[in-house]
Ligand code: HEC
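Shown here is one chain on its own, the form predicted alone, set out as structure tokens.
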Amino acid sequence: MRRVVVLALGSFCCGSLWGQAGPYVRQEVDQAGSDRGKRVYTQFCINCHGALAKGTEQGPDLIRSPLVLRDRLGDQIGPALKKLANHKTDLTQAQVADLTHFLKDQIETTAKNRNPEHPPNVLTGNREAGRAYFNGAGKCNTCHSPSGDLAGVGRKYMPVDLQQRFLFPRRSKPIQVTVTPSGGQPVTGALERIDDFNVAVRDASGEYRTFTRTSALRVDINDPLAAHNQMLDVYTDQDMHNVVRYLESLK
């Protein structure tokens, strides 16, 4: 009985601090906040947790995460981000709140559209138009080949998974960066962190090194997925459906 009372008081304090109801009351999604949160998610979370926040080989499913389900306006997600390695630890409280609105929105959408026997049909495009885009405007063939790295890709993945991998390919290696101080020797290694003020690199010996960003500091980033990220602002919906249809045909 004492334990129940303590838990209840803890829940009350948490709700009071964040200005909303207890953990068993559903958080009402603010659509404007969800839209802002989607931008935060796309920038910092999508490569590991996937386009629908349902997880990948690199990150867990956030839709079914107990922490996300318990979260109210970032009271769970905010502290967790500060403790987890390789996560964005300096999001503002407002950004975290927007992120939780986006994740709650994803949970609501998933619940409304759940159909385990019949996944959504993403093969609505035109295969030949997809082939033309792959070899033309999309410039996909500058890095990929249907007889090379994409050989048989259509039989390896379900169409929904194929679409996600096409739009948000998984990172197999860390982003590489070369930092060159004014008058100094360049330092090359895995990019650990970068913002407007600092850049952190883990060099070949494993040493963690931080540099203050100034106009005299040169920073060259080599991200193999940069072209994919840039294309997210270029694709039309029809382009995406056409390319997925073409990739699915590569049996």
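Residue positions are given as counts along the sequence shown, with the first one as 1. Fair warning: this is a prediction, and the values are worked out from it, not measured in the lab.
Omitted from view is the form predicted together with this ligand, to which the following refers.
Heavy atoms of Ser172 reach within 4.5 Å of this ligand in the predicted complex, making it an interface residue.
Using a 4.5 angstroms threshold between heavy atoms, Gly184 stays clear of this ligand in the predicted complex.
Within this chain, Val201 is remote from the site of this ligand in the predicted complex, having no heavy atom within 4.5 Å. At a distance threshold of 4.5 angstroms between non-hydrogen atoms, Asn121 is out of contact with this ligand in the predicted complex. Proximity to this ligand in the predicted complex, taken as heavy atoms within 4.5 Å, picks out 41-49 from the listed stretches 41-49, 27-35, 207-215, 193-201. Exactly one listed residue, out of Ala132, Ala94, Cys143, Met158, brings a non-hydrogen atom to within 4.5 Å of this ligand in the predicted complex: Cys143.
For the options Val177, Leu81, Ile107, Leu73, the residue carrying a heavy atom within 4.5 angstroms of this ligand in the predicted complex is Leu81.
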